[in-house]
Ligand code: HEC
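So this first bit is one chain, no partners, the form predicted alone, shown in structure tokens.
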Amino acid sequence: MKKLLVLTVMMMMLLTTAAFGLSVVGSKHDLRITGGGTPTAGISEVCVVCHTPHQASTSAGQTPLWNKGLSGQATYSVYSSPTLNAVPTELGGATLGTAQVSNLCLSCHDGTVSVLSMANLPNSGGTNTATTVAGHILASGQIDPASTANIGTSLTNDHPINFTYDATLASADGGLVTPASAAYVDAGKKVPLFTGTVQCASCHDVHDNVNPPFLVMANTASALCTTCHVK
């Protein structure tokens, strides 16, 4: 009986962990005053900072029901290397309606736009303010340059993104796994592609921080890296 009780408790703990792991609630992307991320006043909804159920005119056409403006950064530059066979496309100057997934991430993480810059404010147009947290958030609502969450406006020292990843690239490179499809790198659907391209969300799941920092899978023994790279 005691063993059965222990097993039951363990199963409940695993289910609870899974439930919380698959949610933005309580994570760094939960920007409510009671959330786990940047303290804000006036926000009681978890999703509103990034999404709106009713598209405002300034964000019409940008999926998935996007609620933030984009960064006005004209150019981010791209990563380059003598061993890189891919040709990343510049992300700067994107416009709503045609922006890549990575542009949506950069609308906060390049550090130029307030995390509270929304097209459709909650509470029927109410105002929202960010609480300054040294090393994390500025009074302007922008991510502090001292924070590791601030990627900055140059992508030249970051893993390349916004490039086509297909069998042709894998063959030319010789050190890459051939993608299972235009939607996923592997048959287990662990690393997604977006219209056949690698984007920020290929490695990061903004809604699930069970594998910090919001990784799509555990990176023990570089498992995430070796999903794409043959090593």
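Keep in mind that what you see is a predicted model, and the values were worked out from it rather than measured. Quick note: we count residues from 1 along the sequence shown, nothing fancier.
The same protein has a further form, the form predicted together with heme C, not shown here; the description that follows concerns it.
Put simply, I43 is far from heme C in the predicted bound form: not one heavy atom of it is within 4.5 Å.
Although the partner is absent here, P53 is not a contact residue: none of its heavy atoms lies within 4.5 angstroms of heme C in the predicted bound form. When heme C is considered in the predicted bound form, S147 lines it closely, a heavy atom lying within 4.5 Å. Not displayed here, heme C is approached by S81 to within 4.5 Å at the level of heavy atoms in the predicted bound form. Contacts between 202-231 and heme C, taken as any heavy atom within 4.5 Å in the predicted bound form, involve S202, C203, H204, V206, H207, P213, F214, L215, N219, L224, C225, C228, H229.
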